[in-house]
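We begin with a single chain expressed as structure tokens, specifically the form predicted on its own.
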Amino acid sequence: MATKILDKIYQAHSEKRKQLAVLIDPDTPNDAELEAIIEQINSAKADLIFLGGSLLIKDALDTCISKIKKLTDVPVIIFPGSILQISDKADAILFLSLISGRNPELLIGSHVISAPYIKQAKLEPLATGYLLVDCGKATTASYMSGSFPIPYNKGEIAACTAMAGEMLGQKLTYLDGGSGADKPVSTQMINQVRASVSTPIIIGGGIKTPEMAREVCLAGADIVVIGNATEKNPKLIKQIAKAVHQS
């Protein structure tokens, strides 16, 4: 199976080049708002677009991807909140195993159901150990997953969990404070995870300023994910992209 996107992520990781991923919720932006976001993504030279959400109310995934593809060449990666979020129009999909929780459906159950659809869609699956972290606010992700996030100050739990995920064959490690988090994953936790795994590390949730993005990068993140803040102010994308790419 082709690994085009994963190879690029690993190349950037080996070259110590930090990357920016902009998360778009297909339910949220109207056409004009989506165009404004993509314009900023292109101008900022953002590296990746993550698309999805913990709970999608509209059937807009395919339509949203088609619109994005007309406006940019930036790779579109599905960040699925459920097995319903699969589309052959995307470039890849984060094949998430929620290793911070103990819900068997999100460790392997849903994956068995979705695997043949992902293969049929010819999507590149990015095997990802997914860790939810308590960053000050209950999130849709933790509620919908029925799992407890890792406590904010328990970096050793995150480090050992990420280590186990890597030993199980996960190619990426994703620490997520969740959409609308009060603050990002702590730099101490990121440092501990970075010291424990060799996989590229993705950090999302609560990153609202260039300064926060830079701190996360310096702590060991390879990919910084921004979402909610840029929906309100798309011009933040360029400012945060500069901070990430110069880290």
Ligand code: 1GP
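Since this is a predicted model, take the numbers as computed values, not measurements. Residue numbers here begin at 1 and follow the sequence given.
In what follows, reference is made to the form predicted in complex with this ligand, a form of this protein that is not presented.
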For this session: Heavy atom within 4.5 Å of this ligand in the model of the complex: which of T63, S179, T209, N42 fits that? Just give me the one.
Result: S179
Problem set entry | Contact label in the model of the complex: G227 to this ligand, heavy atom within 4.5 Å | yes
Problem set entry | Close approach of I237 to this ligand in the model of the complex, 4.5 Å, heavy atom | no
For this session: Report whether the minimum heavy atom distance between L20 and this ligand in the model of the complex is within 4.5 Å.
Result: no
Exercise. Counting only non-hydrogen atoms, which stretch in 64 to 72, 211 to 219, 197 to 205, 30 to 38 is within 4.5 Å of this ligand in the model of the complex?
Worked result: 197 to 205
